[in-house]
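Heads up, the chain below is alone and in the form predicted on its own; it's given as structure tokens.
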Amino acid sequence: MEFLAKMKGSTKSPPRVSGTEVLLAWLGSFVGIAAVAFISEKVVQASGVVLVIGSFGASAVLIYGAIKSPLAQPRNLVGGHLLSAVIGVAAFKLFHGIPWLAASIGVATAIAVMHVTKTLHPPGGATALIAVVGGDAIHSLGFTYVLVPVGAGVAIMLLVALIFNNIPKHRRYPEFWW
């Protein structure tokens, strides 16, 4: 019974954010993802490389919509994605013949390493998973995946977050760097 009682929760739901914050999160996400997608379409795709990966959508939630969260800070955004990308590629290279094992080792190890390095960024788990299940286009990149799309995409989104989140007087990003 005690085990099930834990699942009731212990606090109330946080209050709804203001309409202004909703609009700013929408605009920031739009500009950040648009910048990555535009550069991907106009510059990078000609070389046959993708720049947009699914985990960037989750990062947008954090760095434009939850900017005070420790998980949204630059250290977490950059470190979480880059470390997870390295781990995901390594897991695929070591265990590609057993996809379920490569996927689970990649994500679990990425989480552990992000914890140890104080770079926990939930989308990093997806970045590791994409390295394993992303298909031939991702697999053919090998460790280049860490630089492009992951590093380049994260750099673009961080630059947009630094500029966009500091335009309104009542917002400040980041809370900390290191």
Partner chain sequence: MTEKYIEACLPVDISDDDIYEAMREIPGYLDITPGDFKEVYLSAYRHAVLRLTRSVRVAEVMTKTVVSVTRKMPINLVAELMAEKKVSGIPVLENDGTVAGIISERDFMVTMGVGGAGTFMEVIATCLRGGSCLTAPLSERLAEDIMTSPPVTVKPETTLLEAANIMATRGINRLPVVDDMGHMVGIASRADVVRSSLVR
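Remember, it's a predicted structure, so these values are computed and weren't measured experimentally. Positions refer to the first chain, counted from 1.
Absent from the display: the form predicted in complex with its partner chain. The rest refers to it.
J.: Please check if Leu23 has a heavy atom lying within 4.5 Å of any heavy atom of its partner chain in the model of the complex.
T.: No, Leu23 stays farther than 4.5 Å from its partner chain in the model of the complex.
J.: Just to confirm, Gly65 within 4.5 Å of its partner chain in the model of the complex by heavy atoms?
T.: Result yes; Gly65 sits at the interface with its partner chain in the model of the complex.
J.: Please determine whether Leu159 contacts its partner chain in the model of the complex, using a 4.5 Å cut-off between heavy atoms.
T.: Result no; Leu159 lies far from its partner chain in the model of the complex.
J.: Does its partner chain come within 4.5 Å of any heavy atom of Thr109 in the model of the complex?
T.: Flag for Thr109 set to no.
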